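We've got the same protein chain twice here, in two forms, each standing alone as structure tokens: structure 1 and structure 2.
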Structure 1
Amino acid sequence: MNHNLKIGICGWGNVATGLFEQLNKSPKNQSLEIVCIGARRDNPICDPGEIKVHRDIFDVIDEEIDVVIELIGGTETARELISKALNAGKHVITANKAVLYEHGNELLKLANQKNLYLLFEAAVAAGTPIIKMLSNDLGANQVSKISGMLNGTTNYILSNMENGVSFEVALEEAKDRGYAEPDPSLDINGTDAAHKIGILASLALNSNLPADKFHIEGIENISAADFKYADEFDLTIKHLAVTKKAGAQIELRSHPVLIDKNSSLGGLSGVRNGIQINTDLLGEFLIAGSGAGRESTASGLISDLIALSKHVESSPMNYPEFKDIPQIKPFESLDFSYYVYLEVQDQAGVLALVSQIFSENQISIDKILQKDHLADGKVPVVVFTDLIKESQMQKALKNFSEQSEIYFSKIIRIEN
């Protein structure tokens, strides 16, 4: 049996207006009543009609409502709003992964203390269901690994680059379609995906929020040539965020990878998010869905509202305990195979120099390919290595940078 919920929305941007439209569109949502909106300014694309609008978002908390939906973004003001709402006896729903990542430990503990719920299905993968699945549905399972393409904007850009579109054009298309923010830097530099994998790691592996520092890398240095060379070996490039049990420690990382293009994650294109979960009882399985756009985010928010309306009969969320928190395994100690791209001087002996540097760092070469000259006369060299430690590769990159015959070097890790 559903219970009527009185709702206050804080924020009146793209996601908030998308939620407003979806709540008013479906008769299934009749038990969900928007009482008021906190908006510093009007949104010309959506008229809230007779619903009360507060210019001070904190005034929403004083209304006779059951739940505050925080959609203002950012961290510190959002943290204050969520804390005040919980202290005032209101449940909170948010799509804000940054505030959860930075202050999740504190805010979830406060919700527990107040016997209230802080729900955040839309904070990771928009409407693709993962948060309540990890929290509730997989309760009988031990999760050992989560690998995810968790940023729809990044996947959209990389998918278009694979089809020959430049990075700049693909980014502008993502903005035009509403997949990317006007300032997309957190998407492009890997931070958004890092926030999301941090949240998933807390639910699945009891890691802290915020997590200790871990490796975060974006897609700024990926080029069309990388896709061309990867395709020769039936590989593609994705941005992957990973958390994994590693004995008493855990892995946590967010960076581009080369991956089999016929794999379950490698085959996902456009704004689709994909999350692969490894468990003891169910084995390995994949969930996928749209990870960007206001409709998919509205889906996640409404799923939390529906869960909250049923919470008299069942708990909508089980929270991490935030005790006996595992340490994050140093990134330098992890093992990868690598794609290494070099631009070198066109002269005899350079390939021998490259091979010598690999040998001195005890790096075994799987394949080495010399490509056609670039327009400026430099010669591209592509190397695929066997499995080695990250620390070994970083030493080799440093050695490359010290050679006048080697103009440029970069790596992409290969995810098996």
Structure 2
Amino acid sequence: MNHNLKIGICGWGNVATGLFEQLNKSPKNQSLEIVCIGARRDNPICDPGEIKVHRDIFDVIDEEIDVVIELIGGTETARELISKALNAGKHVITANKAVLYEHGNELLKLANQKNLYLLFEAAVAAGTPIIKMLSNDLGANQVSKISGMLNGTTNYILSNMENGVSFEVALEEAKDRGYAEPDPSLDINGTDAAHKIGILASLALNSNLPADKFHIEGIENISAADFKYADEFDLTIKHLAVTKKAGAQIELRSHPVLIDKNSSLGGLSGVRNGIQINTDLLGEFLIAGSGAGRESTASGLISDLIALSKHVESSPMNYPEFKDIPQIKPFESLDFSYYVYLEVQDQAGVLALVSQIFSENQISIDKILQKDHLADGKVPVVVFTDLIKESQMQKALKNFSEQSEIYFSKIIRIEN
């Protein structure tokens, strides 16, 4: 049976107005009543009609409501709002991955202590179901690995670049469509995906929130040429965030990868997110769907409201225990094959120098391409390596940067 829920929404941006519209649209949502909104300013895209609006978002907590929906974003004010709401006896629903990543341990413990629920389905992959599924439906499983394309904006940009659109144009489109963060550098530099994999790692592998420092890299350096070289070997470029059991430790990383074009993740384009999960009982499976935008996020938020309306006596989720927290395996000790892109002087002996640096670092070359010409007597050299340690590759990159004949070098790791 569904109980009626009285709701206060904090925030009045793209996501909050999207939620408002969806709640008003469907007769299925009749038991979900919006009592008030906390909005510092009006939003021309949505008129809240007769609903009471507080200019101080904290006033929402004092209303007679069952649940506060935190949609203000950011970390510190959001943390204060969530804590105050829980301390005032209100359940909280949030789509805010940054606040969960930074303060999840403290906030989930507070919710537990107060016998209240802090739900966050929309914080990862927007409405594509993953949080309650990991927490509840996979309860019988040991998860060994999660590989996620977890940022809709970067997948939108990369798949458009693959079709010849420039990075800048694709980013503007992603902003116009409401996919990007208010500060899009969080999408582009891999931080948003890192927050999301941190949350999934916590639910599946009991890591901490905040997570310890791990390798985070964005898509800023990916160029049209990389897609062209990748395509020669049926590969494409995606941004991937991965967590994996590694003995008593875990792997945690967020960076661009070269991946088989025809793989389940490699084939997902546009704003779609994809999450591949490996477990002992189910083997490998994939969840994919729209990972950003007002409709998709509203879907995730309403799924939490429905879960809450059905679970008055017991939690709709199982939270991580935050004990025996596994350490993160040092990134330098991980093994990858690499795509290495170099721009070198077009003269005799430079290729031999490149080979020598690989050889001195015990890096075995799988393939090498040198066919294009750039301006100013430069040529691109592209090398695919065999499997080596990250530390070996970092040493070789340092060696490349010390040569006057080698002007530029970058790598993309290859994900199998």
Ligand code: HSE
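The model shown is predicted, which means the values in this text are computed figures rather than measured ones. Residue positions are counted from 1 along structure 1's sequence. The term rigid core refers to the maximal set of C-alpha atoms that superpose within 1.5 Å between the two forms.
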> Since only one of the two is the form predicted in complex with the named molecule, can you say which one?
Replying inline: 2
>> Using a rigid core superposition, assess whether residue 349 undergoes a CA shift of 2 Å or more between structure 1 and structure 2.
In response: no
>> Quick check: residue 376 between structure 1 and structure 2 - does its CA shift reach 2 Å or more after fitting the rigid core?
In response: yes
